[in-house]
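Next comes just one chain, in structure tokens: the form predicted on its own.
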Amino acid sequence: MAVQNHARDAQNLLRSRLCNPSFVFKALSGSPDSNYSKLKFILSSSVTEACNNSLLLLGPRGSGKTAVLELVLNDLLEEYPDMISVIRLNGLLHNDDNCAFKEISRQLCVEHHLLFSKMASFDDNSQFLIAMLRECGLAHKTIVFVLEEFDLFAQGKQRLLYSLLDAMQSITSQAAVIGISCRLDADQLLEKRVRSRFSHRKLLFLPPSTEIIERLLQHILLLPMDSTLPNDYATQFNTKLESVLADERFKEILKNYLSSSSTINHLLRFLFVAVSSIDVKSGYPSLDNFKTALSSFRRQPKQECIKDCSILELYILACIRRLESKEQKSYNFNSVMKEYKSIHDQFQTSDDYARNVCLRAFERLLQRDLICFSDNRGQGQSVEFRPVKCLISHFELQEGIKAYRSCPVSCFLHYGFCYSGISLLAGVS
């Protein structure tokens, strides 16, 4: 019973860590080459040296751009509690210039205990912003503008970006503009007048390396020895966890999971499910917990549809994937049938279907959205002449064929030949 209680406490502790971005990214803040260190240096110079800075944080969603920025801002607010004001805008909510200026004025009024007027015009809010930048600069207080979904602010006339960057040209202002975007070409969307005032600094948030992933796993999953948990339980828990992390099977599971998306947020979701599946009766983590997490994420709707396909439909999907493996960019029903006939002639399979039967199976795949037409041209043409593309991945089709109990051996060989060369067929010939 005591072990079960300790296991629940350990689960709660690990889940709270996984839901706390500040704790997760704190492990990556020690290196001077980290984005945390670079971003903190730039913003610190705005505070201590009264420098005006503009910077873009670029990377895929879930790579930690906002989390690292929040970690830096929290640290700076602790170091300089009365010298920083943070204004937050989001391109999904404030891409209209009038709405954006009004939101900036509202947040500045709240920050400095001023009366906000909802009836103020665009010009009034613009003049108020310039006046606040001047007053804060004279008071040696830095205003940090955080623009989430920065690329959406770069649409239209870009009056907000121009006004902010132009106001920062004054020697009395003391501000920093931080843009966050998942578009790597966000700076190329800026107009010439805006680009000339932008500093063109960019921090790229790339997928974590193997070394960083290993460091994160140990930082997040290992129990601290100074917690409320007993030392002997924490020691045994960490010993079992380290043996799992060192297992080659675990590394293969992690590699398979991160093959679709290697962002840190994607990794945290995987670890959360694995931690939640720890058996409280045994009280300790095992490799099965990570296998359960992998299988829960690998349940794809398309993969479920494959289980309901007929044998002929599986053959057609395998032929399409075979054509793609040959780097054939465009294919239709006729080219798929040629591929099907070549496989049938080569392996002498018993699954030989008439052309009209294959066409009906091809149309069923279209109806179930497992394949679709490549474009809208040629709508008056017959189905067999219009180019199509496959909507399922290699992994989904492979797992679907494996899970298909009545799938003939020839289909396994057919699909294996598509992706494994002659290795699968060597033992059969």
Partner chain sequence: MPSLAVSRSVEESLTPQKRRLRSNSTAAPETPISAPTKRKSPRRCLESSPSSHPTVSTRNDSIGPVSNSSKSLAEELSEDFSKKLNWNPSDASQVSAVKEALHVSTSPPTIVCREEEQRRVFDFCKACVEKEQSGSLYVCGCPGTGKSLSMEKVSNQLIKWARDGGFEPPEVLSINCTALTSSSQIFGKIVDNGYVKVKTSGTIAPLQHLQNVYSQKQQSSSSKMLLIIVDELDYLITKDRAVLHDLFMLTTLPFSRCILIGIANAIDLADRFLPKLQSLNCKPLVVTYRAYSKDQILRILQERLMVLPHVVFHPQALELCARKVAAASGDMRKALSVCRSAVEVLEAEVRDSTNNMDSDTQGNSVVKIDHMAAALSKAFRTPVIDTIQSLPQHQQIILCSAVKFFRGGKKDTIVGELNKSYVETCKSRMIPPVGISEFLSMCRVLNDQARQSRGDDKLKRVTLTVDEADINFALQGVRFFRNCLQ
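Predicted model, so just to flag it, every value in this text is computed and none were measured. Residue numbers count along the first chain shown, from 1. Take the two forms, find the largest set of C-alpha atoms that superpose within 1.5 Å, and that set is the rigid core.
The discussion below concerns the form predicted in complex with its partner chain, not included here.
From the list 43-51, 66-74, 22-30, 361-369, the contact stretch for its partner chain in the model of the complex under a 4.5 Å heavy atom rule is 43-51. Taking the partner from elsewhere, Val388 is found to have every heavy atom lying beyond 4.5 Å of its partner chain in the model of the complex. Put simply, Phe395 is close to its partner chain in the model of the complex: some heavy atom of it is within 4.5 Å.
Using a 4.5 angstroms limit between non-hydrogen atoms, Arg249 is distant from its partner chain in the model of the complex.
Its partner chain in the model of the complex comes within 4.5 Å of no heavy atom belonging to His113. In summary, among the residues Asn90, Ser286, Ser325, Thr172, the only one with a non-hydrogen atom within 4.5 Å of its partner chain in the model of the complex is Thr172. The contact with its partner chain in the model of the complex, taken as any heavy atom within 4.5 Å, belongs to Glu191 out of Glu242, Glu191, Asp351, Glu214. Not one of Arg15, Leu55 and Phe145 is positioned with any heavy atom within 4.5 Å of its partner chain in the model of the complex. Although its partner chain is not shown here, in the model of the complex the stretch 199-216 places heavy atoms of Ser199, His200, Arg201, Lys202, Leu204, Leu206, Pro207 within 4.5 Å of it, in sequence order. Relative to the superposed rigid core, Glu70 undergoes a CA displacement smaller than 2 Å between the shown form and the other one. With the core superposed, Ser393 shows a C-alpha displacement of at least 2 Å between the shown form and the other one. When two forms of a protein are overlaid on their rigid core, residues whose CA moves 2 Å or more are considered shifted, and Ile371 is one of them between the shown form and the other one.
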